[in-house]
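A single chain comes next, written as structure tokens; it is the form predicted on its own.
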């Protein structure tokens, strides 16, 4: 970028931050009243109107490069954190949408990136559905096209997502990433059952059996989805959403203690202090993870190890925060229908990410033999 272009870019990010903060303050002031199994369509539309979805794309595609540049990554961190505060369920779906844009930007062709942008321009939400049902989704060549077979489970936003990035297994070779349409209502299936939390994310399943796709719907090369560091690096975005849930819990804790006139109790003050330490610790880890994800100088193993540790640090802090809130508020923290009770359940459910033990031991094994990398540009 030229100096002028860089200046314009920085100004664009600042304007976006200001719009984002206005939206956050407006929605934060709204009463917590929507049914917990109702997808937050109005908030999703407000995000789209604000330009959040366009901002994800590269500067060359008239976006703000939130998925490409380190400056954009810090703005994306704030966006995900703010939406996690307002709705962890929407945060999960937004994080998935961002993941799709990022993977297509990284592994797709210029034509595929442009095609995805056109698809998402029409108020479409993208999903990333990689968890198989009873058997893996397969892909077979049939003349000039391909045929899919199988069901994807744990499909977040199954009723709202209109295009999903899925993994499909060919007869020979590693898994392929496929962008597939998901608008056929007859292919929608029930999810794994009623989840304890995150009900508004609308988790279901989708049957891709018999769906025909073209070669242009295949993103990248075999094995790209699991390629490091991107496979692990994307976890920082989920941590940013979870951090927003922690922010919300702390505000709810403070508000209720003030209403009860219990905030001055030394025991409650101690818990509030501990809660703030957990919040700030998690925030520092998420910031470090985001920096690593966009780093141009770190080794791949440094990036994945830092982000895996950050993910686990945020999980631990959030679980400890939930316990603190329960101890501080007592039985009132367990009353169904109260915001604090729902946010705790949503956060506890959201934190259940795959393979935590493996993430911890692999990161530890790396840093046993390597120093922590110095911060760089």
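This one's a predicted model, so the numbers in the text were calculated from it and none came from an experiment. Positions refer to the first chain, counted from 1.
The protein also exists as the form predicted in complex with a small molecule; that form is not presented, and the subsequent description refers to it.
**Q** Counting only non-hydrogen atoms and a 4.5 angstroms cut-off, does residue 349 reach the small molecule in the predicted bound form?
**A** Within the cut-off, so yes.
**Q** Taking 4.5 angstroms as the cut-off for heavy atoms, does residue 357 touch the small molecule in the predicted bound form?
**A** Heavy-atom contact with the small molecule at 4.5 Å: present for residue 357.
**Q** Would you please decide whether residue 263 lies within 4.5 angstroms of the small molecule in the predicted bound form, comparing each non-hydrogen atom pair?
**A** Residue-level check for residue 263: no, no contact with the small molecule.
**Q** Would you check, heavy atoms only and a 4.5 Å threshold, whether residue 289 touches the small molecule in the predicted bound form?
**A** Residue-level check for residue 289: no, no contact with the small molecule.
**Q** So which stretch, 194 to 202, 102 to 110, 117 to 125, 168 to 176, is the one near the small molecule in the predicted bound form (non-hydrogen atoms, 4.5 Å)?
**A** Stretch 194 to 202 is the one.
**Q** Select from the listed residues 138, 162, 131, 300 the one whose heavy atoms reach within 4.5 Å of the small molecule in the predicted bound form.
**A** Flagged contact: 131.
**Q** Can you pick the one in 305, 156, 87, 182 that has a heavy atom within 4.5 Å of the small molecule in the predicted bound form?
**A** In short, 156.
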